[in-house]
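Just the one chain here, laid out as structure tokens, in the form predicted on its own.
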Amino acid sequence: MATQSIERAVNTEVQLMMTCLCDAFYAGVAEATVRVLEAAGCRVHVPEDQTCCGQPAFNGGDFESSRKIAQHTAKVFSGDLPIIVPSGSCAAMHLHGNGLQFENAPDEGQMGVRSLAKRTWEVCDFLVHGLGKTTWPGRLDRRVAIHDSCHTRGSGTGAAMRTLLGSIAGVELLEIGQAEQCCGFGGTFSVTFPHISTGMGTLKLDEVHAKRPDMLVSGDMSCLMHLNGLAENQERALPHCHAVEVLAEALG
């Protein structure tokens, strides 16, 4: 089916960092990201040697490993093109995590890592605040609940998701209670403190289900994976998807 036209950017080239979760579980999110970026007028490059952003090692305190990963990422994504990530969590690692783990490192030891922070965008944030897209075409008759991940706090992602999704004809955005509440995943936190993690996620699900949405949407696959697992275990499954998948579906 032909993609509907939208106001296009002019010759915008970007690099796509697909993330570990796209590689292992959410290939459809990577595909949707490419489709949406191309519809917005971008030429998308996908470096083959990309791996992880390094956040799992960083969160676990293994800075030696996470620094090596960051240096590899800087090498793979060298140049000056924007780096687009369909994950607020991975974007936050580039924007903030690397600054912390290289805080006292000499410049020559960073191997271009500083450049990652200057060029990395979460995809919805990039569409709205990088390309200036404030509307999106198509129609979807959906009641949508949005979960803002902890790592997108203080960024433009939450507002960007609402701007784009809310502009689609037929979409009703639902404001859920305790919107700032963490889903409880936190990477290794959910493994180290499973009971606390489950309690936090259950509270989030209670607030979402209270609004009776057609689907739960987020800009972070890790949150969606965690909440969906809890929902299925509690026998109250709820359709869920990444925000960029909604944008791709709306294109037709």
Partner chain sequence: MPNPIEQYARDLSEETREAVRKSGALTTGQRVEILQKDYEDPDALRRLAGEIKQHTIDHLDSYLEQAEASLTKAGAKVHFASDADSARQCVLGILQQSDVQRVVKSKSMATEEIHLNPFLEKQGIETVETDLGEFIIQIDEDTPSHIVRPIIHKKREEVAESFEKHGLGDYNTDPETITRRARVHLREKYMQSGAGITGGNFVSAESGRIVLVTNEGNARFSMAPNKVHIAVIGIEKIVPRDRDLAVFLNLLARSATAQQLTVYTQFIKGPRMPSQPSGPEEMHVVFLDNGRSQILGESCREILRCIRCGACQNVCPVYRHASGHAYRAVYGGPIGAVLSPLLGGKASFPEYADLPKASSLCGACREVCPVDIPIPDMLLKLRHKGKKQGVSTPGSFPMAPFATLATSPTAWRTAMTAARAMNYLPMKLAPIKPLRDWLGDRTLPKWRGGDFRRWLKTRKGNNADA
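Please read these numbers as outputs of a predicted model, since none were measured by experiment. Positions refer to the first chain, counted from 1.
The discussion below concerns the form predicted in complex with the partner chain, not included here.
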item: Contact test in the predicted complex: C20 vs the partner chain, heavy atoms, 4.5 Å; value: yes
item: Contact flag, Q178 vs the partner chain in the predicted complex, heavy atom cut 4.5 Å; value: yes
item: Distance check, C241 to the partner chain in the predicted complex, heavy atom within 4.5 Å; value: no
item: In the predicted complex, H96 touching the partner chain (heavy atom, 4.5 Å); value: yes
item: Stretch 164-195 - residues with a heavy atom within 4.5 Å of the partner chain in the predicted complex; value: Q178, E180, Q181, C182, F185, G186, T188, F189, S190, V191, T192, F193, P194, H195
